[in-house]
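Take a look at this one chain, the form predicted on its own, written out in structure tokens.
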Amino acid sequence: MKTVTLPTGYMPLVDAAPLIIAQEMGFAEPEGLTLDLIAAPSWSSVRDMLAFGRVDAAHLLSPVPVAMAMGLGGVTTPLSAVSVLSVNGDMIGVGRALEERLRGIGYDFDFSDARRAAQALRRVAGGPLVFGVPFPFSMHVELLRYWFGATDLRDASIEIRTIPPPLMAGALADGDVDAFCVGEPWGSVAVDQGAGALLLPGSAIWAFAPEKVLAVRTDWAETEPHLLGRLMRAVWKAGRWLAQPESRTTAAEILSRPAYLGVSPELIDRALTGRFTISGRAEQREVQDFVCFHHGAATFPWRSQAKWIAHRLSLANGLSSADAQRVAGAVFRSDLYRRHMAGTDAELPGASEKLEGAIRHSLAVASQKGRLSLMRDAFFDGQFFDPDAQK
């Protein structure tokens, strides 16, 4: 098999691990690929590199290809999310001023109760709150908006401001933002730099949120199906390797290299194990499945997830939910996933849509191999999303 070099864009985050590990641990090589991994300074750069052909594949925020299909953001090149790279992995944090006010009212940073955290934050806000997020079209924004809308924060004055992930800790320390929602390791970097404290993991809002996707241009997926299949299989094998507890030390060492994230392995290990230091007081919290790369069909691109994203974007932008969901359903490519992962050990669910948020406990479902257990995907407020009921 001829080896092909595939330029691939990413942002320096822990959840870029499947692409980095696919190259560094040799999962790409047997597929005849060399991944030329190109770090970007911002999510708009990743999007534009992919849309305009600088790279052929990218680690991308899950709402970006949906927003582009809806005509939002100014770049409308059709993209396909061919698999999910990571589930969960976001962290909400607050600056030192808010941290001290929260402690002043006795808030204990329980790290699990999203409603109680919102009540406490509303009590101490004392005026407008500025939240930093990595990009306007991101799961970070959608989780925050969902959280705000279902809690006491619904009537707070809140501004959402875009800050690239590696700059988030500095923005918090400088007072440019009061709080943030960002992917690891940048929340932990803020803690270690003394800029603030961690308040909640994103999974406390939605237990199984598709965070990043493996995205390609739709025309490239159609003209290079063999390359696409080879890429998807290499990345899937890397995600399976990452899911093994014994892989974490090696993964943290690789990701910590200056060429990739350029932070200490210990900071990366916090995300991979879910064991966090949440403040300068060395308080510890543990988050089960903080970031998921494999289990529970984590990599399967559920069309219902794309439709949830589209519905939320339609609400924020005054658009038709029905129209948004229609175009979004064609962005998360469960059809390509089934085609290219057939014949591998990947679990292929019997359906391509589900009620999002309806799984309260691990649930066995029909699959090609008959042994798939879906993980808990509940929203914190007990609601669920039925695409057919949101027209």
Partner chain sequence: MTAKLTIVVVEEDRDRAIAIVDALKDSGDHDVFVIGTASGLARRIAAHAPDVVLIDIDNPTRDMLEELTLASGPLERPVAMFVSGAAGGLAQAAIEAGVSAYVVDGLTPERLRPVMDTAIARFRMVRQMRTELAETRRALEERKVIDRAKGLLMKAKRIDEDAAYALLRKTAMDQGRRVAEVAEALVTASGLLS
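Positions refer to the first chain, counted from 1. Please read these numbers as outputs of a predicted model, since none were measured by experiment.
We do not show the form predicted in complex with the partner chain, though everything after this point is about it.
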Completion exercise
Partner-free chain; cross-checking the partner chain in the predicted complex, the single residue of Pro265, Gly280, Pro136, Pro78 with a heavy atom within 4.5 Å is Pro136
Exercise for the section: Quick one: from Gly74, Pro128, Gly104, Pro245, grab the residue that has a heavy atom within 4.5 Å of the partner chain in the predicted complex. Expected result: Gly74
Exercise for the section: Please run the contact check for Asp48 against the partner chain in the predicted complex: heavy atoms, 4.5 angstroms, yes or no? Expected result: yes
Practice task
Mark Ser44 yes when one of its heavy atoms lies within 4.5 Å of a heavy atom of the partner chain in the predicted complex, and no otherwise.
Solution key: yes
Handout entry: Any non-hydrogen atom of Arg96 within 4.5 angstroms of the partner chain in the predicted complex
Key = no
Problem - Partner proximity in the predicted complex: Ile163 to the partner chain, non-hydrogen atom cutoff 4.5 Å - result: yes
Exercise for the section: Could you tell me which stretch in 336 to 344, 353 to 361, 48 to 56, 24 to 32 has residues with non-hydrogen atoms within 4.5 Å of the partner chain in the predicted complex? Expected result: 48 to 56
